[in-house]
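In structure tokens, one chain follows: the form predicted alone.
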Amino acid sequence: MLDMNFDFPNPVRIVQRTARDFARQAVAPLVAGMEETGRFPKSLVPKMAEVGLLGLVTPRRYGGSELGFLARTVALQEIGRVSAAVACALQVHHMQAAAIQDWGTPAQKEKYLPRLCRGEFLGTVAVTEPTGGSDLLGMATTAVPAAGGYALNGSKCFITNAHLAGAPVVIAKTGEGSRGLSAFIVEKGTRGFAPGREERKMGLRGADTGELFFKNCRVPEQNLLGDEGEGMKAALKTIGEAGRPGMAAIALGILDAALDEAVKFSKSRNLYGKPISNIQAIQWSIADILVDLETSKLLCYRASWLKDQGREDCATAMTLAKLHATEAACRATRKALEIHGGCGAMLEFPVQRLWRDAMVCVSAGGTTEIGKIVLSRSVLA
């Protein structure tokens, strides 16, 4: 008989409590300021390092806790419940750590992973360009051989942590076809490398998003991540097995918060002489939010567990979790908004922020349409 245990192991429960306390104590007081300015509070970075959030998926030998992707999911969920923007910055940081762990040389791991765990800077993986993020082969940024390395020319856009990253992983074109992309670690301060504008977003305000520019940027050969021509595989693996589950976990946090806000408001708002929570239409909407939350949890936790088990089918499960959870967050936050009535449009009520954050999460890490293509191919192949 199959023994199914849905309880978290003790290390994961500890991470969950740690992240929950951190979100409430360190993050919550900063949310209003992030909404107002759109800026990420840099003071959070050393604090995240101190409580171990930056190194959740990094081996202990490089300064991480090596607790895995299920622990990462619950941590992002708890932080996303308070601030999806901070959770987004953290999940993209984990993406770079995962990319270097999967594709880096021993020297690259020794050089960069401890610095990422200590919070010397935040990490990022720069793929998206003005021509789009889904069409990797349409990438215009190039890397051509130069003395002792490569010369990069081009630009990236919509990059999370663009202005906070100290050595981002950058995907560039080195040839043609699926073997025509390569990955590079480009250190901040390298001549010819500069961040561009900071984007002003409707949601995830406080998650630094911006441009990166490369003009005859010389990258030494030892900063090639993986072999030349492996950039496509590196990008797809990192997005599929770190980026998508990260966004799914953030959507879980938004779903948690949407249920909290809907229940709280429905119990405190009186109509016809009684709380609106007594009205059947309101009860049905709250039930719908609960269903979306609980089904998303099962998909997200399962996908992360598969990754921790080293299962090759984890990428498909993670795409499924990301697609469902982000779309569910959009549905749930809209229902929570409707429960609030006119109050939902007022900035002092968090529910409007949750809806805006959910909408931005849909396209991050791969659009819903790309997710459907990936999933359909998995069963049609």
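Since we're looking at a predicted model, the values are computed, not measured. Just count from 1 along the sequence shown to find any residue number.
Below: the form predicted together with a small molecule, not depicted.
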property	result
In the model of the complex, the residue from 104, 195, 119, 133 that sits within 4.5 Å of the small molecule by heavy atoms	133
Selected contact from 219, 165, 125, 300, since only one has a non-hydrogen atom within 4.5 angstroms of the small molecule in the model of the complex	125
4.5 Å heavy atom contact, residue 363 and the small molecule in the model of the complex	yes
Residue contact check: residue 296 to the small molecule in the model of the complex, 4.5 Å heavy atom	no
Contact label in the model of the complex: residue 14 to the small molecule, heavy atom within 4.5 Å	no
Residue contact check: residue 23 to the small molecule in the model of the complex, 4.5 Å heavy atom	no
Which of 271 to 279, 96 to 104, 258 to 266, 156 to 164 lines the interface with the small molecule in the model of the complex (heavy atom within 4.5 Å)	156 to 164
Output flag, 236, 311 and 314 jointly within 4.5 Å of the small molecule in the model of the complex, heavy atom basis	no
